[in-house]
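Next up: just one chain, as structure tokens, the form predicted alone.
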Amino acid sequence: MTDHDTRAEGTASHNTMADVENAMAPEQNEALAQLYSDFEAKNLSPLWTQTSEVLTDVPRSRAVPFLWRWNDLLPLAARSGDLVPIGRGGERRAIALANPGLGGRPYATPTIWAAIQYLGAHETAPEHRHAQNAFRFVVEGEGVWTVVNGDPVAMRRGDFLLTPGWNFHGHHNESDQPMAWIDGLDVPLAEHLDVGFFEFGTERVTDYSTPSVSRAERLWANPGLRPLSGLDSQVNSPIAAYRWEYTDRALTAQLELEAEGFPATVEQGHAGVRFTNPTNGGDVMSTLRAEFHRLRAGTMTPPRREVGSSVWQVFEGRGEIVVGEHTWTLDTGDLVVVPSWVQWEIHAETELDLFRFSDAPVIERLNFERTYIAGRER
């Protein structure tokens, strides 16, 4: 059933009710009108007047498919760097992706906040902490360290970095060049659930050192090896940064194994990895999933629908994405929103690398997950 079909069905239901009301005697209509007025006065809402809105046959996200061009975002962020100071109060020079379907709210989807953050040469973003979970993904550049609970973590091209909820964090740029990256948070989900807390930290950052590897990585980022000092399961991954060199190596190996005739890829020509929590094998954070995908040139993913929303960012390469009725060409840095249950597919013109984040851990924990691929449901 198409979106058009479901909307038409809802309209038909409403018209049927109107027909019933029109068939009533005048005194019955007057009594019914009084009943509805009394409902409103007591802050009540009868289900039979809104069934098609609250009991939909398929998910109908208020978010809409949308594309933000990196070539548009970066110059605007740079202008902000020239005009907007960073410091206490504003806290971050972060520009949120505001989905046009969400009524002006600064959210990419009903559960995901995403933004481009910009830090000028030798600038410092002061420390603070919040209940919401956050991550950073770097499309280009280096020279910035994010300091998480006093641990300086280098930010470089292709790196995926974590700032789990209620950890103090700030950023400092030690280079002569500005740097921009993408932030992802579960801010809208926290707002819906009324779980948000916020606290200021130091005016600067607690450690201005610039190690190439953070203390968290030295302890936890040794492939297949887990410290005996940390055998308990943790809600969020203790790894501060998932480095591009390892992501790239894993994706390259999958496609090489596929070419050698071994099963290693998601589907033909499509390699993929999920960033995981080494203490339990689950997602890096309780509310956000992160993945990286690589498609060989000429690869086309099958059309699919999924419960839950996601955001894709092109890391490298060119291609095309089809989301619902929209078809967009893709280039480095571009960001695309895929709302819940909206069909999508990707076509790779060149080898195409894409970073993806989603609300999948929440959807799966609540047992709402569902995927439809090429006539198959699971």
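Just so we're clear, the structure is a prediction, and the values are computed from it rather than from any experiment. When you see a residue number, it is the position in the sequence shown, counting from 1.
Although not depicted, the form predicted in complex with another copy of the chain is the subject of the following passage.
Colleague: Consider V273 of the chain shown here, and say whether it contacts another copy of the chain in the predicted bound form, taking contact as heavy atoms within 4.5 Å.
Modeller: The answer is yes: V273 has a heavy atom within 4.5 Å of another copy of the chain.
Colleague: Can any non-hydrogen atom of Q343 be found within 4.5 angstroms of another copy of the chain in the predicted bound form?
Modeller: No - in the predicted bound form, heavy atoms of Q343 and another copy of the chain never come within 4.5 Å of each other.
Colleague: Given that the partner is absent here, does V322 sit within 4.5 Å of another copy of the chain in the predicted bound form, heavy atoms only?
Modeller: Taking the distances in the predicted bound form, the answer for V322 is no, it never comes within 4.5 Å of another copy of the chain.
Colleague: Would you check, heavy atoms only and a 4.5 Å threshold, whether P178 touches another copy of the chain in the predicted bound form?
Modeller: Contact check for P178: no, nothing within 4.5 Å of another copy of the chain in the predicted bound form.
Colleague: Considering non-hydrogen atoms and a 4.5 Å limit, which listed residue (T206, T301, T124, T247) is close to another copy of the chain in the predicted bound form?
Modeller: Exactly one listed residue reaches within 4.5 Å, namely T247.
Colleague: Taking a heavy atom within 4.5 Å as contact, would all three of W70, S212 and A297 count as contacting another copy of the chain in the predicted bound form?
Modeller: Heavy-atom distance to another copy of the chain in the predicted bound form: none of the three under 4.5 Å.
Colleague: Given a 4.5 Å distance limit between heavy atoms, list every residue of 330-368 close to another copy of the chain in the predicted bound form, or none if there are none.
Modeller: S340, W341, V362, I363, R365, L366, N367, F368, in sequence order.
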